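Okay, so here's just one chain, in structure tokens, the form predicted alone.
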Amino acid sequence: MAEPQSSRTTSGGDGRLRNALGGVLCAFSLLLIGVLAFSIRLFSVIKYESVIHEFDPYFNYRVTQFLSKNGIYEFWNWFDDRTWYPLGRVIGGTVYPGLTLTAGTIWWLLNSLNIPLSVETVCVFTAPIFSANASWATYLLTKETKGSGAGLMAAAILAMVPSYISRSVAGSYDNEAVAIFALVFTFYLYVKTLNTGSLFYATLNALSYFYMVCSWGGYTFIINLIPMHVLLCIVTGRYSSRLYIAYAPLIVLGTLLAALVPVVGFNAVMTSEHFASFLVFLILHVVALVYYIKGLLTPRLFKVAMTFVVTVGLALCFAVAAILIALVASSPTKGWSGRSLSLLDPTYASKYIPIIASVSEHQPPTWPSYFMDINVLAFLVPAGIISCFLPLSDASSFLVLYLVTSVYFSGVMVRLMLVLAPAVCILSGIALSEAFGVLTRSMKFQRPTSDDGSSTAGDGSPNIPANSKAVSKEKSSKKNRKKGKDSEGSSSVDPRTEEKLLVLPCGPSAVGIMLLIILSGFYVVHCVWAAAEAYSAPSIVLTSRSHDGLHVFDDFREAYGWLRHNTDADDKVASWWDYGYQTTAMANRTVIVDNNTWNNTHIATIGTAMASPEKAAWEILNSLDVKYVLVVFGGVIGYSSDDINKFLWMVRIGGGVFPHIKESDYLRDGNYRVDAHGTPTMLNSLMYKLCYYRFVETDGKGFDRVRRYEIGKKHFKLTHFEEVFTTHHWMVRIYKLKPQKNRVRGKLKLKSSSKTSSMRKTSGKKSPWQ
């Protein structure tokens, strides 16, 4: 009797040792994944320099500087008079403060520990740090659904996926840098609560949702996706108390916390983006009441009570629906924001809100962009979906629903490829984990057999005839059929027998493993290339390669530096809204419009000035106290994102507010042309003149390397503007408004007096006053 007990003790000790070793290896793997996620995003610093990228990050950097210098209370009450002149902007009530508070807290902690890093350094490396956090959150979410093997695979894939790298390289200090981590972590806590029914995790879920609300306007995706999943569970008969605990505290606590964020406020309960969550909240309580009554009453009484509950519930639903319809009908946009309507109707922005349609990241993606951003993962996702249905659970159905909705939204707006990335990585990780599991298990169970038909297993099992094994497996399977059929995920087949049913031949298994390794290798190579070449270059510093080497174009900082050192502190600078944040942060000068785009009329005024003739534009800009005008021109070096290519949006936005600006006046055969076939209105507009002034002097022909033809109007002079600075590569040109000619009236008097004297001489009459 001692031998079985000692063998059980030995096997139990081996199991604990194996689990401990597995835990250590898992933790070490997660550490390496975090290092990978951080280091792959440092190409921008290694190849270029530690600098803030793009446009919006400069505003976030400026706000973080103000926060670290003046404190949290001054931040909430900060009125910025450097933007949107003469209106200004209340910063504390119009920004999502999550990113700024996170970076400010990191900076404060480091300085408290006597690690004197600058605010700019902290801002540059915030995104890579939170990329590692997002990878770990992906591991937790996938592990909660399909186990730690799939979790490690998904975390490694997310650490390198180009779609996420594009918005999280070092220097990309934008809201998405921390928002993707908050998104995935909120989903993890929701699934964790769904599996455990713990109020502790439900409370953490509400707090995580609050952090997401603070960080990014994309929080509305969470507050609509989770209600959709709850409704799906109710419709498919999967209601449980765990579902109630996972959802009800999130809506109550999450909504109360969201209303504390100034930029959200009462929008958390007054806008249509949140109404679906409240409706599902009501439906969930009706269903919970029905299940509660069903447990108390007999079947006959339950039918009577059910009729009453359904009647009252429908009446309440109709009343709530009527109230919601009344609130929605009172709004011109039916309670939806412009961006939300653009997601529901992809043509809405182009029809009614050109300011939204003018943003490049709000355009629909192309098929090559999918391959660029998710690469081979697109082929693994279908296998991951199939794995989620084997077996289907509440957690796996949530992942499938997350994928379906994010695929739709990414197809409408290229920016939302970022939301699709975690779903694709999770399902691809599940697919790879399942595939490797089946193939390695197949090779494990391939054992050579002896002449008498007995197995020579390498795991130390005794030689037992195959037929006796089959009989014992049959008996065990019969016993298993009688056990726990109602428990979720239970099987009537012995696990060892079930594993044997999934065995493939050894040769195809080895080939399959090699193919998966090669596929993963291609993915890694593509991700490293995307991180190093495609997404690491900062937009503030441009580079190009030619036969004579690498060329660096630092014209933006050259222009902003000139403005900072050669203009007065209270001078106003007009430009298209794309460059507003950079001008304020780097030149420290007041701008008329910037990237916040909250006032369409103000932006339309600048667009109208750029589309008007020189004199009319001077009058508009002078009325706004503008002293300098900045334009971006790429005709010399071939920079395609210049103001001439953005000019159609200036016309459309300006014409949407000021009817005298008609797009047809600028079109020739349906195109904006600046060559000899361009319309007179186009060739006489302020934008054309400011971009192409003295352009013919560069090559003697006036050949535009972006538009690929010679310009139409080559020799002209400016009457109301004067050129004060043009950068080395002609990318940024700055003009100054000429002062008003005060002696115009005197000249007219002089002319009239000379005319009168000549008339006197000819007439020969004397003045009666002489």
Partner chain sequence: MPRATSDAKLLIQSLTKAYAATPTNLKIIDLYVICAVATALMQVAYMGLVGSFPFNSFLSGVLSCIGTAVLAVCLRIQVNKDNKEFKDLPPERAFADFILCNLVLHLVIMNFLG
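Only a predicted model underlies this, so the values are computations on that prediction, with no experimental measurement involved. Residue numbers count along the first chain shown, from 1.
Beyond the structure shown, there is the form predicted in complex with the partner chain, which is absent from this document and is the topic of what follows.
S.K.: Quick one: does N224 come within 4.5 Å of the partner chain in the model of the complex, counting heavy atoms only?
M.R.: Looking in the model of the complex, residue contacts with the partner chain do not include N224, since no heavy atom lies within 4.5 Å.
S.K.: Any of the heavy atoms of G411 lying within 4.5 Å of the partner chain in the model of the complex?
M.R.: Answer no; every heavy atom of G411 is more than 4.5 Å from the partner chain in the model of the complex.
S.K.: Can S520 be called a contact residue for the partner chain in the model of the complex at 4.5 Å between heavy atoms?
M.R.: Contact with the partner chain, no.
S.K.: Taking 4.5 angstroms as the cut-off for heavy atoms, does H285 touch the partner chain in the model of the complex?
M.R.: Close contact exists here: in the model of the complex, H285 approaches the partner chain to within 4.5 Å, heavy atoms only.
S.K.: Which of 104-112, 153-161, 372-380, 233-241 has heavy atoms within 4.5 Å of the partner chain in the model of the complex?
M.R.: Contact criterion met by 233-241 only.
S.K.: Identify, from the list L279, I620, L683, L253, the residue with a heavy atom within 4.5 Å of the partner chain in the model of the complex.
M.R.: Result of the distance check: L253.
S.K.: From the list Y292, F79, F318, W529, which entry has a heavy atom within 4.5 Å of the partner chain in the model of the complex?
M.R.: After the contact test, the surviving option is Y292.
S.K.: Pull the contact list for 287-307: residues with a heavy atom within 4.5 Å of the partner chain in the model of the complex, in sequence order.
M.R.: Y292, I293, L296, L297, R300, L301, V304, A305 sit within 4.5 Å of the partner.
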